[in-house]
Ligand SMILES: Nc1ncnc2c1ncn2[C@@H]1O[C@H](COP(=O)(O)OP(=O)(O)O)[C@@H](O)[C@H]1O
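Just the one chain here, laid out as structure tokens, in the form predicted alone.
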């Protein structure tokens, strides 16, 4: 899997007296099975870059490619199909469905309640220490447990790329480290991109993209180039 970003700008409030650059002159190439961190303070453009990579935000100018496909040339339905097939998403808020069990929440992306799918979901939950909670509802879980369910949901479809936006922001340090250890275990099989303002959770990242004011200020290549 590979991403390429060419001369990307994302501007809000176009035509108004004051315009805001969420992304400014971004050029990046990301490839391979690795853990990539996107670091920067609040408002630096981290999440905007993640959403541009996912095709969820279309740049004001410039081009974003995923495996040679340029998002702006794809129909909305083709973009959605690509995301369903290749991407898994983890957000700061878990967005679990309150009236569904933990197991059903995990199965939601694949719309499959077969025995094989349930076994697979329970296996992922077991690795996260939550198999015994599979019949519970989200309100019966702690914040850390709910976030782990959201991670299991992101992985159930065997995505080629996992895109995580501040996945540990609402967790204490112990749970945050546990979540990152789990995600790091998957980087040999897929690309994992994590947006965070906390450098401590990126100790084992292969690469870190540093951002400020919508621009990439540096790229740290810790274990091979981006």
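Residue numbers count along the first chain shown, from 1. None of these values were measured; they are calculated from a predicted model.
Note that the form predicted in complex with the ligand isn't included here; everything after this is about it.
The listed set 159, 45, 37, 167 contains one residue whose heavy atoms approach the ligand in the predicted complex to within 4.5 Å, identified as 45.
Taking non-hydrogen atoms only, residue 22 approaches the ligand to within 4.5 angstroms in the predicted complex. Using a 4.5 Å cutoff between non-hydrogen atoms, residue 41 counts as a contact of the ligand in the predicted complex. Per the 4.5 Å heavy atom criterion, the ligand in the predicted complex is contacted by stretch 47-55, the sole one of 47-55, 65-73, 168-176, 184-192.
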